[in-house]
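A lone chain, given as structure tokens: the form predicted alone.
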Amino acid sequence: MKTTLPEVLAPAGSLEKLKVAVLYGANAVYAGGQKFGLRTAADNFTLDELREGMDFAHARGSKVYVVLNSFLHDKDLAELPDFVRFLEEIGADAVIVSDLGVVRTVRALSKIPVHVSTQASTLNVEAAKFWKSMGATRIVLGREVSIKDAGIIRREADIEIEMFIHGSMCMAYSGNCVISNFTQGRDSNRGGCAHSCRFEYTLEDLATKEKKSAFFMSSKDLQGLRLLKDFIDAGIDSLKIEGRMKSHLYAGTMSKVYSEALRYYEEHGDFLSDDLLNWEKELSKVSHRSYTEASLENPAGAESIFNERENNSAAEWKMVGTVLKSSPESGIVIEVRNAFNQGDELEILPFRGSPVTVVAHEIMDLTRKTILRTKPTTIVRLPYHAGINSSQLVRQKSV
């Protein structure tokens, strides 16, 4: 019997990132409007952008889930019906919710499938059965659940299961942290999380009065690539990548790596160590903390703590632009995001396959005047190189 592979669900913090994720292989993306979500600091989508994003994804066989996972007060709930009707009109594939009042509202006003957010901290079979009885079609399990236990929930509750496979981790049970409320006056359960757990704190031993500084609440980043077969064997329906506030390069790289790995498994029935190593190298080319498998196999322990200062220079690679056009006549036309110099070695990330190395031996502006160093927000030309297509990302190793 043919194995059903899980979908790759990528973050879409903006319309542009949605397009990047879809083009690089995401089967589905999750996005937020201007209200009702938990990432108010992300760009988020206007109504027109949601409609355009929906059309773009659907035309390429991908789905769009809209986050409504904030915990709402009555005054917020009163504004929700119009938005729900709009989402049904534009064909939203699901909404992701945490609040029972939101579930009731969505179910009363539309036929949009309801996915229960990780913010609801669903950790067991009975909780999953309850949400199913309320009309939910999928549970996004709390990050504290192992793959093995998730498989049991999937079978016994008979409901779709979504799990996080990559991205930032929270030190608290999802949906139950209020540190940000007290340290910054920002409600983490209503879209205002200040990520206070990432701060450095001073600890004092009350007996000895000895003090030391530590990042004792900050977690390493989740990376579950080597456990892909376990996810598949457990029947997990969706593999979720965290990061609506992260970069275009992040959205593209994660979508590409995980979708590519699943296609490989579909063709070969297993993973080879060399292939896993190559994909891990790709995952290292984006900004990240040290990686951990967190609770995917065993409960996360002290080894999962990221007790050091953030150091994005460890990302090693930066996005320098996006290909607008490529042909023998035009050359490679790039919209520049970060400056690079004549003679620099660049990598262009194809939608499938290995990165293409291009050396900027000659850089020209649109009038074909030679320039030595590019500037952000400008458009430049490089000599033509076969195999390059529009909308592909251009990156460069940091020095």
Partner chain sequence: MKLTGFAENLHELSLLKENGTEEVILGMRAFSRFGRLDENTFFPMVKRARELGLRIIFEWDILMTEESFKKTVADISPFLDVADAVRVQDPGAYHWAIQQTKKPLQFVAENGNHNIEALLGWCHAGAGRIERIILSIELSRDSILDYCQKLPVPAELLGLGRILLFYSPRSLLSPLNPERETVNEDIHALGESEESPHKGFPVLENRHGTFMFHIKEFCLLDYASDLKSLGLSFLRIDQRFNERNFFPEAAKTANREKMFESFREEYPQELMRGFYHVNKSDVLFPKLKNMRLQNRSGDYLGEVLEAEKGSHLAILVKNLRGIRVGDKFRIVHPKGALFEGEIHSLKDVNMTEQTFIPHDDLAIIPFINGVWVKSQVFLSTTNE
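Numbering follows the first chain given and starts at 1. What you see is a predicted model; the values in this text were computed from it and never measured.
The following text describes the form predicted together with its partner chain, which does not appear among the structures shown.
For the candidate spot formed by 100, 124 and 302, every residue has a non-hydrogen atom within 4.5 angstroms of its partner chain in the model of the complex. Site annotation in the model of the complex: the residue of 131, 231, 83, 164 reaching within 4.5 Å of its partner chain with a heavy atom is 131. The listed set 227, 90, 171, 262 contains one residue whose heavy atoms approach its partner chain in the model of the complex to within 4.5 Å, identified as 171. Heavy atoms within 4.5 Å of its partner chain in the model of the complex belong, among the stretches 235 to 243, 177 to 185, 262 to 270, 279 to 287, to residues of 177 to 185. Put simply, residue 358 is far from its partner chain in the model of the complex: not one heavy atom of it is within 4.5 Å. Heavy atoms of residue 71 reach within 4.5 Å of its partner chain in the model of the complex, making it an interface residue. For the chain shown alone, residue 144 is a contact residue for its partner chain in the model of the complex, at least one non-hydrogen atom being within 4.5 angstroms. Although the partner is absent here, residue 318 sits far enough away that none of its heavy atoms falls within 4.5 Å of its partner chain in the model of the complex.
Using a 4.5 Å cut-off on any heavy atom, none of the residues of 244 to 258 reaches its partner chain in the model of the complex.
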